[in-house]
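Just the one chain here, laid out as structure tokens, in the form predicted alone.
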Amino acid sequence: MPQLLTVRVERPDGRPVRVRVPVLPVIVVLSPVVVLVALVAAVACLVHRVSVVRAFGTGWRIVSALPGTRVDIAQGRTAVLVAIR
């Protein structure tokens, strides 16, 4: 499971802004929303006749594979880097 999300934005004036977000406290704070999203996803799986266990298993595999992911976006003189550790 990812532990830290780092977002770095380089502004057009050249000064970078770096924000580090620990994932676990954010998940704990947003847990009521996470529970509601899980229930909606389970209902959607049942409506579309998809195995709920298999869908959540696949989702967990995707989340577990996120550490080490880097996303770089640049447009003009502005750049955004998102790194998941």
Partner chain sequence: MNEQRKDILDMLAEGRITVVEAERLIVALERNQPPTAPGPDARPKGTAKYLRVVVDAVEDGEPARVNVRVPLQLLRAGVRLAALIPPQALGKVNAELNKSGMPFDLTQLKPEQLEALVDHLDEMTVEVDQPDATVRVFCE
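Bear in mind the structure is a predicted one, so any value in this text is a computation, not a measurement. Numbering follows the first chain given and starts at 1.
Only in words, not in the display: the form predicted in complex with the partner chain, which the text now covers.
In the model of the complex, no heavy atom of Asp13 sits within 4.5 Å of the partner chain. In the model of the complex, the partner chain sits beyond 4.5 Å of every heavy atom of Leu24. Contact annotation: Val9 falls outside 4.5 Å of the partner chain in the model of the complex, judged by heavy atom distances. Taking the partner from elsewhere, Arg61 is found to have a heavy atom lying within 4.5 Å of the partner chain in the model of the complex. Taking the partner chain as it sits in the model of the complex, the stretch 68-85 comes within 4.5 angstroms of it through a non-hydrogen atom at Gly68, Thr69, Arg70, Val71, Asp72, Ile73, Ala74, Gln75, Gly76.
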